[in-house]
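A single chain comes next, written as structure tokens; it is the form predicted on its own.
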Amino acid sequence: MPGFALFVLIMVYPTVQAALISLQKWAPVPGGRSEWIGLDNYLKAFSDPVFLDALVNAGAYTVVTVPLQMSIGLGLALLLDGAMPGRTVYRVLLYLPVVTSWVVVSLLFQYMFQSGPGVANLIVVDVLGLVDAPVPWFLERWTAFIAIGALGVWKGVGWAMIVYLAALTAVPRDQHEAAALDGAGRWGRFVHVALPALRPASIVISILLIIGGFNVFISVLLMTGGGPANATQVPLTYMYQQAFEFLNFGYGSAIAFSLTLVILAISAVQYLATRERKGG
């Protein structure tokens, strides 16, 4: 009972309060009169071009970064699952980005991708020769998201790697040995032994990374602030702007719950697709 009371106090009460605020033109000033407006904030959100573009931005960020984090994380896990000198050191070094501060690394990547003589421009102009002139990374929508996505992949790969490593250790070695006796090479053992065993881990990783992708916040806030001209807004930065810069807490709460509904819908589709495959 005390545990349930604590859960209600910490989780349920704030959620209900935020839901009620999203249905009002909420007055942040103590003693101010809040006006009940029903679903107007939600209707406004889904007809607001900035919020819709923010959803597109978050979706594009998720579509690009999630497969990259999973594939690179899986590759590193396979590499570090075998016997090699310094394996533990490599695992620690590759996991370090996961535990570093979002604030610190966001500012670091902002410095690396600065429009002038930044590290990113040094690589694409002088080393690789992909473009003739320095790229103004944060002045265009999608070039800004290249920088933001690079940070997201760099920071998330280590987590995917660790989960895949844990899943690989659960694969019985005798299955690998049996497949080897049947003539399967390394690729054959990966496809027919390791990959099926990694499927549950892949499902969990993809669901959590998709949720994290739509909740991208600190990197966008610090690297672009949602600009220029709202071009790089994502739902959480737009919610933050509405609530804490414009003091429109009702609309900010509606944006937060709208994002929750979108994520729940995507997770439900993903779960149903996974369940159908199990049934097949």
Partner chain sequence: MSGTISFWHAYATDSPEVKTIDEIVIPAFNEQYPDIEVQALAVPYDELRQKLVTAAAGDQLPDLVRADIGWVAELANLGVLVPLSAEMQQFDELASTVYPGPLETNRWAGEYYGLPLSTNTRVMLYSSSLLGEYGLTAPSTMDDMNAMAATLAEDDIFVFADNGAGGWNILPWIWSAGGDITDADVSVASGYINSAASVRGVEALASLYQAGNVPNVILGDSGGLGPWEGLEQRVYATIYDGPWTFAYFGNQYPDFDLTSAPLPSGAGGSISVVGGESIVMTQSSGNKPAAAAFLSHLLSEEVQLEMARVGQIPVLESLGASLVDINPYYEHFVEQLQTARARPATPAWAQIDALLQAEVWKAIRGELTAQEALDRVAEGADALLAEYR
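Small disclaimer: the values here were computed from a predicted structure and weren't measured. Residue numbers count along the first chain shown, from 1.
Just so you know, the form predicted together with the partner chain exists too; it's not on screen, but the next bit is about it.
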4.5 angstroms heavy atom contact with the partner chain in the predicted complex for residue 244: yes
Touches the partner chain in the predicted complex: residue 200 (any heavy atom, 4.5 Å): no
In the predicted complex, residue 30 touching the partner chain (heavy atom, 4.5 Å): yes
Residue 178 within 4.5 Å of the partner chain in the predicted complex, heavy atoms: no
All of 25, 110 and 228 with a heavy atom within 4.5 Å of the partner chain in the predicted complex: yes
In the predicted complex: members of 124-145 within 4.5 Å of the partner chain, any heavy atom: 136, 138, 139, 140
